[in-house]
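In the form predicted alone, a lone chain appears below as C-alpha cells.
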Amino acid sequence: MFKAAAAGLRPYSETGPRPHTSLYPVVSEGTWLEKNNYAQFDGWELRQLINFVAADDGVPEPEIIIEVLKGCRNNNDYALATRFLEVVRLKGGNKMSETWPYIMQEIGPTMQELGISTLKEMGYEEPELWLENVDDM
C-alpha cells in the first residue's frame, strides 16, 4: 500500500465507479456530425453506432438518421436500414404519432434518393402477429 501511494497510485478498491465512456459520445450534437462521415463507416462501425443510438433515451435527429441511412446504402445493407428505421420509430414511445410523421417528412426525400422504402410501404408499421391486449378484451 505504501509503495502504491508513494508512486501516486491508488488501490483499485478506492477508485470508485468508472465514468461511462462511449465510442460515440456526442452523436446527438452537431459537432459529431461535422467531424465524421457516417456514409464512410464500414459495417461494424455502423452497427456500433446504431447500437449506441438504440441505447440512448432520445429520438435521434433527422440529420443523424439520414447519415446512418446513407451508411447502410453504401454498405448495401438494406435490412439494417429497415431495422434502424423500426428502432427510430419505436423510440418515439407515447409521442410516436407526433415524432414519426415529422421524421418521415425530414428523411423522406433522402429515402427516395437512396431507394429505401418506407416502413408503411413495406407493411412494417404494424406487427404482423400482433396480439390484442388481454386487458382490452
Partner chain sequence: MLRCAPRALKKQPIWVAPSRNIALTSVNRDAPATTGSKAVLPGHEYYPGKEEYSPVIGHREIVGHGEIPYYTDSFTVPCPAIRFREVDEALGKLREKEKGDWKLLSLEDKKTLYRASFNSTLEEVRAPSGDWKRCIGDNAILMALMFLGVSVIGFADPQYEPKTVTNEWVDAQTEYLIKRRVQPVDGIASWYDYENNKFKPTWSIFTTKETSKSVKTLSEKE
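Numbering follows the first chain given and starts at 1. The structure presented is a predicted model; accordingly, all values stated were derived computationally and were not measured.
Although it is not shown, the form predicted in complex with the partner chain is what the next lines describe.
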| S97, heavy atom within 4.5 angstroms of the partner chain in the model of the complex | no
| said: in the model of the complex, does L80 come within 4.5 Å of the partner chain, counting heavy atoms only? | reply: yes
| query | Hey, in the model of the complex, does P62 get a heavy atom within 4.5 angstroms of the partner chain? | reply | no
| field | Partner proximity in the model of the complex: Q40 to the partner chain, non-hydrogen atom cutoff 4.5 Å | value | no
| message | If you apply a 4.5 angstroms heavy atom cut-off, which residues in 112 to 133 are near the partner chain in the model of the complex? | response | Q112, E113, L114, G115, I116, S117, E121, M122, Y124, E125, E126, P127, E128, L129, L131
| Q105 and W130, C-alpha gap in the model of the complex relative to this structure (3 Å or more) | farther
